[in-house]
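Only one chain is given next, in structure tokens, and it is the form predicted alone.
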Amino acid sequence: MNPAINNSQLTTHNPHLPNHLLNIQNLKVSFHIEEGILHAVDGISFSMKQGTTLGLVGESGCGKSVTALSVMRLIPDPPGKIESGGILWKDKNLLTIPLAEMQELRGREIAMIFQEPMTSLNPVFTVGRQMEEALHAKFPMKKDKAKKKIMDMLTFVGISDPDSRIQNYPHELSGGMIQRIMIAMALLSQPDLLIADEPTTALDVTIQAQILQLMKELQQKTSMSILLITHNMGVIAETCDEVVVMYAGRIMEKSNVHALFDNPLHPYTFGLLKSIPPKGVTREKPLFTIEGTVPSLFHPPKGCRFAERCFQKKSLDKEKQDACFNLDPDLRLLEGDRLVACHFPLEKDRMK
């Protein structure tokens, strides 16, 4: 039986090696609001290697975007507060460095594409002016040199006739075009890490595929790392090297993408994969559903946060069910470098 890994031990298991650009350790983030204290992220730990894509996946409200905003130190305070933990970036803890140093690092070394591309640009300024301001904020240079860099970057992300596009206002462009421009703005400083928070939300399927392919091509050319936040398992399968599955503020499973899809270890991961619509779905063959609702993050359960919704509980005896409902499972190391927070991980070939 493999020993459980608690948060302090996880740091030893995942050391901050030279090729680990980002290392999040026991991160806890809460929001203090009228209803009480909402534990949005509750003790998560994971690391990212240079030049890879890590997918952060889970239902809405599980803590994905809060994790990304914590890396950028953009959690609104109040009501938000990073309660504890560390976010190691190369040789720095992003949570303890001076704010001025963090502001200098944003955009230069770590860039982020936010949700809702249609609201990411200022509607009263042209695209070119906004890109120029973003560039000058980090790399002051002469106007003609800045324009050439902007034009080159727009061409780099696949925008035709960039000289005309920089004169457009955001409302004159499509969602896919704006998303390409946001990627171009993020890449102006050639960051080591690109955080993409639901980069294909509200885009049609064809444009989604183009944006994801663009990100893969840019990664191959620049060797940057990508932290991809999504609830779409299909996107994860197409783009990621590793996957972190989150649920109710916790990590349920961490695995390389192929092993996760072939053999999910956590019942929640299994449910997410089974919920993907297969070809030929009919009324006689309905979609798999995860019954129940997400537990309150104001008062999280003391045991496994997925226990109430877990389909596996029906096949467990009372002693095992008591463990699920009363003992909070730590991440355990299974099958090489795979991690799972489950007292009774699923058996192999369950997906078959």
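Since the structure is predicted, the reported quantities are computational estimates derived from the model, not experimental observations. Residue numbers here begin at 1 and follow the sequence given.
Keep in mind that the form predicted together with a small molecule is not shown, yet the notes after this line are about it.
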| query | finding |
| --- | --- |
| 4.5 angstroms heavy atom contact with the small molecule in the model of the complex for Asp192 | no |
| Partner proximity in the model of the complex: Ser65 to the small molecule, non-hydrogen atom cutoff 4.5 Å | yes |
| Any non-hydrogen atom of Pro98 within 4.5 angstroms of the small molecule in the model of the complex | no |
| Contact of Thr293 with the small molecule in the model of the complex (heavy atom, 4.5 Å) | no |
| The unique member of Gln115, Gln213, Ser223, Asn232 whose heavy atoms fall within 4.5 Å of the small molecule in the model of the complex | Gln115 |
| Heavy atom within 4.5 Å of the small molecule in the model of the complex - residue from Pro79, Gly86, Gly158, Gly175 | Pro79 |
| In the model of the complex, segment of 300 to 308, 314 to 322, 45 to 53, 65 to 73 with a heavy atom within 4.5 Å of the small molecule | 65 to 73 |
